[in-house]
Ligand SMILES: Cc1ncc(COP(=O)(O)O)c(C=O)c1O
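A single chain comes next, written as structure tokens; it is the form predicted on its own.
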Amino acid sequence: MRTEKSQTPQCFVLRPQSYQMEYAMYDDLVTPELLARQILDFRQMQSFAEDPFVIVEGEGLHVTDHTGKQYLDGLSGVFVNSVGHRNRAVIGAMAEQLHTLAFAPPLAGTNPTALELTRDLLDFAGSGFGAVKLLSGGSEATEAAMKMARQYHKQTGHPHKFKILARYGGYHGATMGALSASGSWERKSIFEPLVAGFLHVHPPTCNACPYDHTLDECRAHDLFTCARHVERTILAEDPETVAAVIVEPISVSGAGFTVPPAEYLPMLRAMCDKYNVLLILDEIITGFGRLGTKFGGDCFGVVPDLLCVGKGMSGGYAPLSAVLVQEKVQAAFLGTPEERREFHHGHTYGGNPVAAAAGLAVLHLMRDQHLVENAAAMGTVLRAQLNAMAERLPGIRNVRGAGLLQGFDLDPAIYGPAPGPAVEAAAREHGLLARIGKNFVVFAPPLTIDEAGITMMVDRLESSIAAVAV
């Protein structure tokens, strides 16, 4: 059995004093007083300041904190570092662009690098996409897509279509519209009331079905209540008031790790077509090779009307996201200035040339290094190793996912109802970063990872879980 429990991991080997001294430069910054003055995402800063985690550098599959301790990045930062840390090709492309043009005002026009990214992105996506709205982050992309859906219906003779249908447990961003579409109360109840016109249905959590079905039952009797309830909700609300359905192909949020059955998304696609509802796929996490396909929709054989992408799009080297728009939707926004049919939406850094240069470099790396194919191949390796770990350790349940986005649940009967924080702390001790929720673990390493890297990642996780189980 592969394990590091009885070994000293390489990242903990004592380094020479001169090496450790390199990190002393951060001592004046990493202080409780200054840490408490910075507001981090979803985190209580008082407790964080007492036990800080400050990353100072990265290389390939690893990152290093302010003490010189190294970690295997099993989460690609936060699903973003698709081509690894300190990738020279991306850095070089951005540096070259900085020497040419660092900013171009989007209100006035565009720039050659943004145009080149638009062309290559549409070529990469195919499937009838005819236009791109370049933005800076995931919340901007989902917000823009939902606004576009509403404007589209107004400009195509259906002005009463405004409602957005989303799922409980989904997460679409932190801005008010995106948060309104999100379905986890923990992140939004404090801001209520939110934006009107957002509805929610239960997600396809086959490992804990809200309708008390099993997947075998659904397939044997064509139940799929999770999908059929979407149609029932559209009908109950009046189809002439529903503008769009927004879902993530695979969802990773505080509410859990949701991987739908193969039938789910095609059923949603058919329902949206039937009632003239736009299907928005939020692929901020699942896009750009993460599932071993170009986009998550490809994994399930579905093409959306609006495709939201981000995170791995720039490899984490610059804030970059986009909405890819089907030609039929784009046609509704073409006209004369007097008609005012243009998309009434914009952000200061949309189409930023330096961010676009990073996106172009990542696209070229995906093509030249066959990273989508590598994600598929390494995903097979990861699944096999997670299944093997589940046979060795008790309480590892429901191994699932696709490509390099895979994980499992921890049985509460063995690990308790919320073992996540303890497992995450143990993983840090063993030099591993992963997405660890209350009772689930998810891996999403850089698409450049090889089998040796996956073995190291799974070994460290196994040691971490075993330590908690004891």
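Sequential numbering from 1, following the sequence displayed. Computed from a predicted structure; not experimentally measured.
What comes next is about the form predicted in complex with the named molecule, which does not appear here.
Worksheet item: Exactly one of Ile285, Leu117, Leu306, Ile164 has a non-hydrogen atom within 4.5 Å of the named molecule in the predicted bound form; which residue is it?
Response: Of the candidates Ile285, Leu117, Leu306, Ile164, Ile285 is the one lying within 4.5 Å of the named molecule in the predicted bound form.
Item to complete: Name the single residue among Ser180, Ser253, Thr293, Thr205 that comes within 4.5 Å of the named molecule in the predicted bound form, judging by heavy atoms.
Response: Only one option qualifies, and that one is Ser253.
Fill in: Candidate stretches 336-344, 297-305, 379-387, 165-173, one within 4.5 Å of the named molecule in the predicted bound form by heavy atom
It is 165-173 that comes within 4.5 Å of the partner.
Worksheet item: Taking heavy atoms only, is Gly84 within 4.5 angstroms of the named molecule in the predicted bound form?
Response: No, Gly84 is distant from the partner.
Worksheet item: Would Gly138 sit within 4.5 Å of the named molecule in the predicted bound form, counting heavy atoms only?
Response: The answer is yes: Gly138 has a heavy atom within 4.5 Å of the named molecule.
Item to complete: At a 4.5 angstroms cut-off on non-hydrogen atoms, which residues of 309-323 are near the named molecule in the predicted bound form? List them in order.
Response: If the 4.5 Å heavy-atom criterion is applied to the named molecule in the predicted bound form, 309-323 yields only Lys311.
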